[in-house]
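Single chain ahead, by itself, as structure tokens, in the form predicted alone.
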């Protein structure tokens, strides 16, 4: 009998404060629609120094474990995908392992390749279980990042922060992944980089978008070839329409529209059939509204969270549509600048609506505080080692360095 493997539960953590993109646009002398419609984002999470990658990852992980109901003793692997490490040697995963007091007898490490790092961890976990090496144990995969470009820079409105944690196990309650069914694409490019010692990322925006689309075309076609060969989808025509929904990596939400148009263009080119440009634009808009837009709700309210952006989209999709998606196949595309990418798929579980409700996404977002642009700028000017003054009530906080060791406060027992 085939072993079903996939995402059993999700947990989401975001900073406690955010700024409205309309407020930021006004402060920068930009028409609000340039951010709201041009980028497709309404709110941008603002992380204080105390809300670092470790603190966000630990909270998301704790929430995922609670949603799954798994006994931590049944975990055999913890992987954190991040491009916002806090130490050149000691991984974020090690800090999370200690803060959550997870079992000693398990693998613990980070994965890094820009925004693809979380997917690298997810694939390692799935294949570890599929190989039989896991035995009866599950894995915990966490995507955690702080996307920072700097005040007044072109990338400023595409910042954000957050973490998404996933329990990966057999007989998953959220999404059963199609093991071994994926397409990958990698190229040595310099579209985005975060030099060692620098807090702010640098990006060649237009070039990065093109690198994303080129990688998407190769990865999607790779997935499609295997999917057709295995009779997972029927060949011919717009194959992507046979997926109930598609989640794309979203450095900004408008990118999902560009990506979806590109996937459809690949299908039309592959079918070698004549098509009318105007008619295809209308069909692409309708397809985007049905297949992609439901995944963007949470992303529009948090912004870019790098490794977690795809999975925040998945969480938002299941939160919005899980009741209608049971037994249906969805597609997922992960892109990491530099670059590497993967298009893969899975089937939404029948009990996904009940399980995603435990993630309490509405409550997580509602608990935040809206701040002014002036307060956002004050936070951005704080040193990286400046601790958050307020004691944690429901999460973890970086509180400073003592004896060359980063210290974290835990929530009350």
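Remember, it's a predicted structure, so these values are computed and weren't measured experimentally. Numbering follows the first chain given and starts at 1.
The protein also exists as the form predicted together with a small molecule; that form is not presented, and the subsequent description refers to it.
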**Asked** Do all of 33, 209 and 254 end up near the small molecule in the predicted bound form, with near meaning a heavy atom within 4.5 Å?
**Response** yes
Contact with the small molecule in the predicted bound form, heavy atom within 4.5 Å, among 132, 274, 154, 195 goes to 154
Only hit among 283, 323, 90, 258 for heavy atom within 4.5 Å of the small molecule in the predicted bound form is 258
For the small molecule in the predicted bound form, the stretch among 358 to 366, 34 to 42, 63 to 71, 378 to 386 with residues bearing a heavy atom within 4.5 Å is 34 to 42
For this session: Using the partner position in the predicted bound form, report whether residue 99 sits within 4.5 Å of the small molecule, counting heavy atoms only.
Result: no
**Prompt:** Applying a 4.5 Å heavy atom distance criterion, does residue 181 contact the small molecule in the predicted bound form?
**Reply:** no
Might residue 149 be said to contact the small molecule in the predicted bound form, defining contact as any heavy atom within 4.5 Å? yes
Could you tell me if residue 203 has a non-hydrogen atom within 4.5 Å of the small molecule in the predicted bound form? yes
